[in-house]
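Here we start with a single chain on its own, the form predicted on its own, put down as structure tokens.
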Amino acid sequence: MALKDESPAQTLDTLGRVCPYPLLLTKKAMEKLSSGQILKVLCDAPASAEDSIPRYAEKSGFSLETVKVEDKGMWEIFIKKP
């Protein structure tokens, strides 16, 4: 099952925030989640959505799925804590 099809434990809205805030807020939120839970991040900062957040997830060993929502000019990023 795709991460985007599962229910997130928390949705983090970082819309309108620029680097490094989306990444910092994502890190803080992930620290609070339990194993197996998913964080959904709403992000409209390209550098965060396409670079810093995926890099952080990869380094941390988290599963990641990014969905670009073209009509809203934003990304929905799903991160699962192992």
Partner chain sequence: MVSTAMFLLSGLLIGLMMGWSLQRGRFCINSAYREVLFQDYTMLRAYLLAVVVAMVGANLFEDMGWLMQSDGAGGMVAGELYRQAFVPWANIIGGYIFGMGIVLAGGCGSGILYRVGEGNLAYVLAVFAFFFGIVVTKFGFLKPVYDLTISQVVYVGEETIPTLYNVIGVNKWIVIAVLAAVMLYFVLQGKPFQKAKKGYSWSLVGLLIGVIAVLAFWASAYYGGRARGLSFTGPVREFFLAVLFSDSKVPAGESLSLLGVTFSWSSLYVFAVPIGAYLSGKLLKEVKVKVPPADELMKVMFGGFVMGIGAQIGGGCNIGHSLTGVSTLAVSSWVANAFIILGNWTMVYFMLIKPMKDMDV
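All values reported here derive from a predicted model rather than from experimental measurement. Residue numbers count along the first chain shown, from 1.
The same protein has a further form, the form predicted together with its partner chain, not shown here; the description that follows concerns it.
Interface membership of Ala9, defined by any non-hydrogen atom within 4.5 Å of its partner chain in the predicted bound form, is ruled out.
Of the heavy atoms in Gly73, some are within 4.5 Å of its partner chain in the predicted bound form. Although the partner is absent here, Gly16 lies within 4.5 Å of its partner chain in the predicted bound form, judged by heavy atoms.
Taking its partner chain as it sits in the predicted bound form, the stretch 36-50 comes within 4.5 angstroms of it through a non-hydrogen atom at Asp44, Pro46, Ala47, Glu50.
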